[in-house]
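Here we start with a single chain on its own, the form predicted on its own, put down as structure tokens.
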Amino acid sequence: MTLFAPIFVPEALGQELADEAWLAAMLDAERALVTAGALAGVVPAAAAAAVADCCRPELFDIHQLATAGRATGNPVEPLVRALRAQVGGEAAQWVHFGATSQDIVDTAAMLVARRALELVLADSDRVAAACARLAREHRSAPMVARTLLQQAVPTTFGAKAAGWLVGVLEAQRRLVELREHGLAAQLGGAAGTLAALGSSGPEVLRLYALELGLAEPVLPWHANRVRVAELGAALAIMAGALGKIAQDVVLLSQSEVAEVAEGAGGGSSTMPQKRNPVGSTLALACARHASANAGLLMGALVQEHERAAGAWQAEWEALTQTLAFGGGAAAAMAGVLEGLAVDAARMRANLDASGGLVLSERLSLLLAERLGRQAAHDLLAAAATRAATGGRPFRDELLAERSLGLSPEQLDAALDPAGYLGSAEIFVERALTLYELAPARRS
């Protein structure tokens, strides 16, 4: 483990992606292979039992296997040799029977991914629950919406949280689908024909997948890397949806804005007053790492003939890192949102800071009925410019306009942000309904 890994990746997830987890998964694949062979009648039952009994991680030296794997370009060949040595006797010849190294690594990747996804999805559940709570509690709390980082029109913090929620649910849905149906066993032998198993090949594949609890593929997928690329893309999308939330929190946490704050914001090594949005910062970094590694998996879709030279090998670390950083983003944002401090009073103060300028669209619609759209737009733009440069409130500038046609009371009503929230609360309800009706991955 590097110095930086624990900063980004939760310990439990790191353990599921560690070298030890990969070794255990490869041995699970070898155990399932020999067990399936025995059930199909191509491996003697006694030999299968002897091999299965030796498929225990504690019997092998990971560092030694990794070092030896450099000569063969993968860790399975030295693992098979070491496993045969552990089994010994006649039973040793049935180790790895009918398989090739890629079968074991690819199957191990699916097993590692399945175990890691449980943690990633659990933390994304926490994010969704926190977003739903924020949307529910603040559905009517007015704040200014910002477009291109400029104040635009009023919205509610509940609507913002509802937007976060829907993004996470949409990203989560694809990950759940892949966990349930997209993780398939790999068994094809030397070139995807399972020729070494004779006519029993398809049956061994079926039993192998069943033994592992993985989907049975239509045919071996040695050079068809769609399922790996899909998994990487889905993780990167989830990390990106989480990164969007993180970006909003960072911007809303700025000293000059101060509308939210992380409950456990980090300090600075030199500035005692700092309360940095550390959790959101880590989620943003994780989103970038996940995207970069997913890009490598996308690039590995292009492979030569029946087995690839280089592209497949490049996937191992990339998939591990995409799982790690996708999960890291989920864990970081779960912690942030569960402890997020929301300052509704500050939101209202920032909303009122423009002196009503953020209600210009509403006024434009009101005045357009009498003045026409362009004339109304020009009148308001001119008044806004005078307010910005002359120091007189926007309201006063408008009241000085003889063509305005609104009484002070009518103008004040038009400048009330609470009256121009559109369908924000309806959209909050729709997001909460989606959350309540979403297929429960928690089951």
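When you see a residue number, it is the position in the sequence shown, counting from 1. Treat the numbers as computed from the prediction; the structure is a model and nothing was measured.
Beyond the structure shown, there is the form predicted together with a further copy of the same chain, which is absent from this document and is the topic of what follows.
With the partner removed from view, the residue among Arg348, Arg115, Arg307, Arg136 that has a non-hydrogen atom within 4.5 Å of a further copy of the same chain in the predicted bound form turns out to be Arg307. Scanning Glu338, Glu230, Asp125, Glu211 against a further copy of the same chain in the predicted bound form with a 4.5 Å heavy atom cut-off leaves one residue, Glu230. Under a 4.5 angstroms non-hydrogen atom cutoff, a further copy of the same chain in the predicted bound form has Gly201 among its neighbouring residues. a further copy of the same chain is not shown here, and in the predicted bound form it never comes within 4.5 Å of any heavy atom of Gly355.
Using a 4.5 Å cutoff between non-hydrogen atoms, Ala331 counts as a contact of a further copy of the same chain in the predicted bound form.
Contact annotation for Leu121: none of its heavy atoms lies within 4.5 Å of a further copy of the same chain in the predicted bound form. In the predicted bound form, the residues of 134 to 156 lying within 4.5 Å of a further copy of the same chain by at least one heavy atom are, in order, Val144, Ala145, Arg146, Thr147, Leu148, Leu149, Gln150, Gln151, Ala152, Val153, Pro154, Thr155.
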